[in-house]
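Just the one chain here, laid out as structure tokens, in the form predicted on its own.
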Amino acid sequence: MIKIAVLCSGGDCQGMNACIQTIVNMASVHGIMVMGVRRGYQGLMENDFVELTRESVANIGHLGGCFLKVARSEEFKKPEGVKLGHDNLVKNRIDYLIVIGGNGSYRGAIELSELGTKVIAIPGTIDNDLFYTDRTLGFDTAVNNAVSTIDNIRQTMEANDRGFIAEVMGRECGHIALNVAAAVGAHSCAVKEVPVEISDVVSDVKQCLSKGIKSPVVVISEACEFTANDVKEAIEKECGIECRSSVVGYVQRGGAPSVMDRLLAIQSGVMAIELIYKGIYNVALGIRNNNVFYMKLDEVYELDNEFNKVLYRQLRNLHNLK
């Protein structure tokens, strides 16, 4: 019998549970035994394994968070930590390891593969900062959650003719900020990928105010060198309108996964088991044109961030901003 393990590393994201459930259900079809590793690479080093069955993962697919728990492990970044994790996989007679996670998780997966672990990586991070794939698990839901939050706050801002500045997650990547800004029709968007100063945001707001906008909305990425409150104070000082600012934080990472994230989770889980059954490993799964594909794991970092500058320009054209 083939015996595999699955772990989720780094930050949790919507769709992880749906992917775990799919992996377990698909594995049972092929007579493959599945072990879950609690708390990601930290649990791998601590030999924290638990057997997963159809019954144990029933009805988790619609939940956010992570059934197996996640953790960020500083110890695993060291060679001895990776070696300990690999040794525990060998000790538990694991034939293949499925890693669901983001940028840092992939680096750990690559290091394990270099020691002989047979790995399949599935992109799971709201940040969408693995650029070989169109999107990652959790990204679509995170964008939807942020849009819903901003829409709700915007209603009370408009009732008071106040400006609103929202700061969204994404770490060093501005994909969440851009997509949220476009979806809410923000009057200015600040991301790291496009050089923007506070004065540029203030200029955007001034232009919109001159055209009759009473409650301008600004969306900024957490990667920017200034905060939402910095922007708020600058707009109030330079434009003479009252504003409110808010960090749209962990609400983005919680809640039920969207249809898009559930589909990606299911497609990825099915393909992972199909590849294992065929003896294919050391690959990363991704999605392109709504079809799941795989590529060599050690080539995922060769692709640069293709920031959607067309969408960014369209957002500015929407408000005829110079």
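When you see a residue number, it is the position in the sequence shown, counting from 1. The structure presented is a predicted model; accordingly, all values stated were derived computationally and were not measured.
The next section is about a form of this same protein that is not shown, the form predicted together with adenosine-5'-triphosphate (ATP).
K.L.:
adenosine-5'-triphosphate (ATP) isn't shown here, but in the predicted bound form, which of 107 to 115, 141 to 149, 183 to 191, 215 to 223 has heavy atoms within 4.5 Å of it?
P.N.:
Going by heavy atoms within 4.5 Å, the stretch is 107 to 115.
K.L.:
Answer for residue 88 alone: is it within 4.5 Å of adenosine-5'-triphosphate (ATP) in the predicted bound form, judged on heavy atom distances?
P.N.:
So residue 88 does not count as contacting adenosine-5'-triphosphate (ATP).
K.L.:
Taking heavy atoms only, is residue 77 within 4.5 angstroms of adenosine-5'-triphosphate (ATP) in the predicted bound form?
P.N.:
Close contact exists here: in the predicted bound form, residue 77 approaches adenosine-5'-triphosphate (ATP) to within 4.5 Å, heavy atoms only.
K.L.:
Given that adenosine-5'-triphosphate (ATP) is not shown alongside this chain, does residue 252 nevertheless sit within 4.5 Å of it in the predicted bound form, heavy atom to heavy atom?
P.N.:
So residue 252 does not count as contacting adenosine-5'-triphosphate (ATP).
K.L.:
Would you check, heavy atoms only and a 4.5 Å threshold, whether residue 17 touches adenosine-5'-triphosphate (ATP) in the predicted bound form?
P.N.:
The answer is no: residue 17 has no heavy atom within 4.5 Å of adenosine-5'-triphosphate (ATP).
K.L.:
If you check 171, 206, 244, 83 against adenosine-5'-triphosphate (ATP) in the predicted bound form, which one has a heavy atom within 4.5 Å?
P.N.:
None of the others qualify; the residue that does is 171.
K.L.:
Relative to adenosine-5'-triphosphate (ATP) in the predicted bound form, which residues of 110 to 127 have a heavy atom no more than 4.5 Å away?
P.N.:
Going through 110 to 127 in order - heavy atoms within 4.5 Å of adenosine-5'-triphosphate (ATP) in the predicted bound form - the hits are 111, 125, 127.
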